[in-house]
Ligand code: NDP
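Here we start with a single chain on its own, the form predicted on its own, put down as structure tokens.
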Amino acid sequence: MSGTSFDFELFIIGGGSGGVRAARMAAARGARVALAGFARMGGTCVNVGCIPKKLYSYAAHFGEGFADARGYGWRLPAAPTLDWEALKAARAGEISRLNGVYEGLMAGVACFNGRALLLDAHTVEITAADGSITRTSAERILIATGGTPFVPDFEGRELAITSNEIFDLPTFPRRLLVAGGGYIGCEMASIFNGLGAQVTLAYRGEQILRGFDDEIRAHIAAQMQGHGVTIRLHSDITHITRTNGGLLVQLSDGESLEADAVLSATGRRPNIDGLGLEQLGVKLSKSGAIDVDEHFQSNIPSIYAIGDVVGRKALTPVALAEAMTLVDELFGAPEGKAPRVMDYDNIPSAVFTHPPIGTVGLTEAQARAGGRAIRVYVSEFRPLLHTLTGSGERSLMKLIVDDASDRVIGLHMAGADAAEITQGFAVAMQTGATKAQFDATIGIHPSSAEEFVTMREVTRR
């Protein structure tokens, strides 16, 4: 059958970052495109992920800022307090605005509001909230349904909440237990600690933030504890029971504690339930991700997948890049431009703990595992800001250099503005910058960023 024999050339399931970008770009190429989604446009990132998380992180930093201001001569008339309802309302208003922006971007795309089910390799059935059913056909189907929080199986698991609910709790949790030491758990622990909660983070591993550079992991754990977060390693939830005072949580290390809310942040899984993939024979990985090749094509030639649902790099900018790469592959690149090629090396990322983390390239352990000779440069210092605040917060900055080529192959930072600083250096690393070129760059003084171009002494080889 030719493309004209189908209702659409491309049918996208999922209205998150990757799905929306693919729909927009394909429609701009003149393709007949449809998109089905059952939640507000924008997906996890806009509704219950990146955006509300960063807004709440800003809110939490104000709490620290009020305290820091005293060191600079500011005298507040009274102790500031958090209006939880006002914060929630402000966040909800901004998310609604962004939903509208995303919906406005769908000009030229046929949008269906409902849950999609694949009946065969080219047929999609959409069930709306009112139960009405629409069937349509497409030459190609793109699955961009993202991920969903996973709650382990323990007694009382129904009493735990996930990152989907944490932003809109009816009352502010004065005592919060966070289960999980990944980036979501650590971010939420820092944020709610900054907002005024008494926070305990329980993680079954030997150190939080597995997969990040070990030196950064240890540093940020110490900084979080310095800010007031209690971190319990080698510890996990065994069961939760409701009491008159809230929730009683039993931990695997034999201890128990009371909390007003328990956040399960132990990971996310590909959001594929109800799509009909297994009945269709779409190949899945052990983790439940859709198995795709370098062209994002599954074992069913007409079915493609991008974003968190393929389990490569669960980052919004990665989903966007994958979407644009796929559209170039299917419908051609814009005139005068070469088709995009997806590159998973040197992808920068950030963790919005307090202080935040920025990272790009290899960790020291990854560089060592490659068998190459490396030089490591490390600088730990008290930021200029805190010379007057009395805060014990410290920054850590680290470069990993390939000895043979002198290329900077890893850059890591824990400190204020880490994400903003790392983004700029990621450009340099993407172009193959060497340590000599870093050294030849004039720094901005006084700034934390200048530390990356003034490191001269090798910490270890």
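The first residue of the shown sequence is 1; numbering continues from there. Computed from a predicted structure; not experimentally measured.
One more form of this protein, predicted in complex with the named molecule, exists but is not displayed; see below.
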field: Contact label in the model of the complex: G228 to the named molecule, heavy atom within 4.5 Å
entry: no
Contact label in the model of the complex: T266 to the named molecule, heavy atom within 4.5 Å: yes
field: Non-hydrogen atom contact R407 with the named molecule in the model of the complex at 4.5 angstroms
entry: no
query: R394: heavy atom within 4.5 Å of the named molecule in the model of the complex?
result: no
- line: Exactly one listed stretch (252-260, 299-307, 347-355, 119-127) reaches within 4.5 angstroms of the named molecule in the model of the complex by non-hydrogen atoms, and it is 347-355
message: Counting any non-hydrogen atom inside 4.5 Å, which residue from R175, R115, R204, R91 sits next to the named molecule in the model of the complex?
response: R204
statement: the named molecule in the model of the complex has a heavy atom of only one listed residue within 4.5 Å, and of R29, R40, R32, K53 that residue is K53
message: If you apply a 4.5 angstroms heavy atom cut-off, which residues in 181-213 are near the named molecule in the model of the complex?
response: G181, G182, Y183, I184, G185, E187, Y203, R204, R210
